[in-house]
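The data below hold one chain only, encoded as structure tokens and taken in the form predicted on its own.
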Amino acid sequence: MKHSKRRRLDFLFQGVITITSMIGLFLLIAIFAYVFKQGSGLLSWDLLTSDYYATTYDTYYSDQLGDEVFEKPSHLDESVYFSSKWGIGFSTALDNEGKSYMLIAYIDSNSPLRILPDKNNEGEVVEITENQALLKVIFTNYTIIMSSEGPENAANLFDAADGIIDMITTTSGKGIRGSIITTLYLIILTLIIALPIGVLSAIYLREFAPKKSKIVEILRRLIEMLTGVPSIIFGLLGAAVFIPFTSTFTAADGGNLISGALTLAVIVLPVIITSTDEALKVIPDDFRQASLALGATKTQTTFKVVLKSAIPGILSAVLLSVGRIIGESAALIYAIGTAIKDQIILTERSTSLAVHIWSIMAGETPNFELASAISIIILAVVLVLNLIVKFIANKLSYESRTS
């Protein structure tokens, strides 16, 4: 009877665990599916490499137009409407926010529109290139083209015109190049600061500190406790301590990349120390005793034998730290700021990819598509780093076993 009851309880517990796991897996898949559905359409090389802020050009053409007739290149498809009089082709495209605009899809190298005078800067010229957006054109016959009127109408009106009073073009904008560079800077600076301190601290606590010291145990508990502190608290630390510190010793005036890296270093230090400490803990004492028996000193044993064997665990700490740096937003809002920048300077404000998501979602019209596209990029970067670290760790583990 008792055996039958135990079996029923085991079956019930297994069923609850299975159902709970399936619900969690379903929710995870649903989240990933939503992100990919919303953001995959915006993923492009232009999104990764272009500036966030568009550059607008105001130009004109007042010279006598020649009699040259341009032929539409064979590689342009039917969606590109070509003006044979001006040697320029237009099409419809979607920007990095998913909005439609009129694109300059092609411009002949000999087109009179290739180099135009800058209307706002006397004596300066503007190069009209492919992939710029056409916003507005006013011809000498006072015909006006707006971006919303479509590429076919634009090509026809260009063919009917002999001069241009005003032509406004702009770069696409809404790219995340600046945020990608900022994130890379933060990863490099944070690891340069936190990794040596974290690894050396773990080495001291595990290898050199008194084994049964209560102070050492208290330190370990405090370090573990720090891993659970909300990141926004560290952000306040960055705003109150690191921003004034960097402003005193550098040209910074307010939040900057250096103060952000210092803040992130404090955040990831407990992760690096704890993971490295666990990696050192699992190294057999036989390794230490054998090295000491061969005449090596304690320091030589620690750094040439023990630390070498613990490298896979340290790489895991690096991976966890990089993931935390890429995904951190709350602390950086205080420590760096939320200003999206295209020109990245260490002593100025900027945004990481995670803060970029926060910035475009914080307004009255959240941009779910662009936020999802950036999320896909973050997931892809973390996945690639994970695979690289696992490959290196497995290779080092194999070499240590065969050596």
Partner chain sequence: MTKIEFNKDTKFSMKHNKKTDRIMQNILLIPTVLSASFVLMILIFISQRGVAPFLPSEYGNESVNFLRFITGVTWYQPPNSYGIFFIVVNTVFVVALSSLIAVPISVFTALYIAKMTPKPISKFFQTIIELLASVPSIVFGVFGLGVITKVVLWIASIFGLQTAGGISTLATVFVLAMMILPTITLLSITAINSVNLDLEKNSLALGASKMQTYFKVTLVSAKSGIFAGIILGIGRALGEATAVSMVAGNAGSGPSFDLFSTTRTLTSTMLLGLKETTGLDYDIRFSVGMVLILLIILTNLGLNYLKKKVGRFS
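Keep in mind the model is a prediction, meaning the values are calculated, not measured. Numbering follows the first chain given and starts at 1. Rigid core here is just the name for the largest C-alpha set that superposes within 1.5 Å across the two forms.
Note that the form predicted in complex with its partner chain isn't included here; everything after this is about it.
> In terms of non-hydrogen atoms within 4.5 angstroms, which of the given stretches 61-69, 339-347, 355-363, 41-49 touches its partner chain in the model of the complex?
Replying inline: Contact-bearing stretch, as computed: 355-363.
> Taking the shortest heavy atom distance, is Tyr57 within 4.5 Å of its partner chain in the model of the complex?
Replying inline: Flag for Tyr57 set to no.
>> I'd like to check something about Tyr204: if you look in the model of the complex, is any of its heavy atoms closer than or equal to 4.5 Å to a heavy atom of its partner chain?
In response: Yes.
>> So, Gly123 and its partner chain: in the model of the complex, are they within 4.5 Å at any heavy atom pair?
In response: No.
>> Whether Ile233 contacts its partner chain in the model of the complex should be assessed with a 4.5 Å heavy atom distance threshold; does it?
In response: It does: once its partner chain is placed as it appears in the model of the complex, Ile233 has a heavy atom within 4.5 Å of it.
> Any chance Ile223, Leu269 and Ser375 all have a heavy atom within 4.5 Å of its partner chain in the model of the complex?
Replying inline: Verified in the model of the complex; spot residues all in contact, yes.
>> Only one of Val80, Val241, Leu189, Leu307 gets a heavy atom within 4.5 Å of its partner chain in the model of the complex. Which one?
In response: Of Val80, Val241, Leu189, Leu307, the residue with a heavy atom within 4.5 Å of its partner chain in the model of the complex is Val241.
> Which residue, Leu157, Leu76, Leu237, Leu135, has a heavy atom that falls within 4.5 Å of its partner chain in the model of the complex?
Replying inline: Exactly one listed residue reaches within 4.5 Å, namely Leu237.
> Which residues within 285-318 place at least one heavy atom within 4.5 Å of its partner chain in the model of the complex?
Replying inline: Counting only heavy atoms within 4.5 Å of its partner chain in the model of the complex, the contacting residues of 285-318 are Gly295, Thr297, Lys298, Thr299, Phe303.
>> Once the core is superposed between this form and the one not shown, does Leu25 show a C-alpha displacement of at least 2 Å?
In response: No, shifts by less than 2 Å.
>> Given that the shift is 3 Å or more, do the Cα atoms of Lys308 and Lys390 end up closer or farther apart in the model of the complex than in this form?
In response: Distance between the C-alphas of Lys308 and Lys390: longer in the model of the complex, by 3 Å or more.
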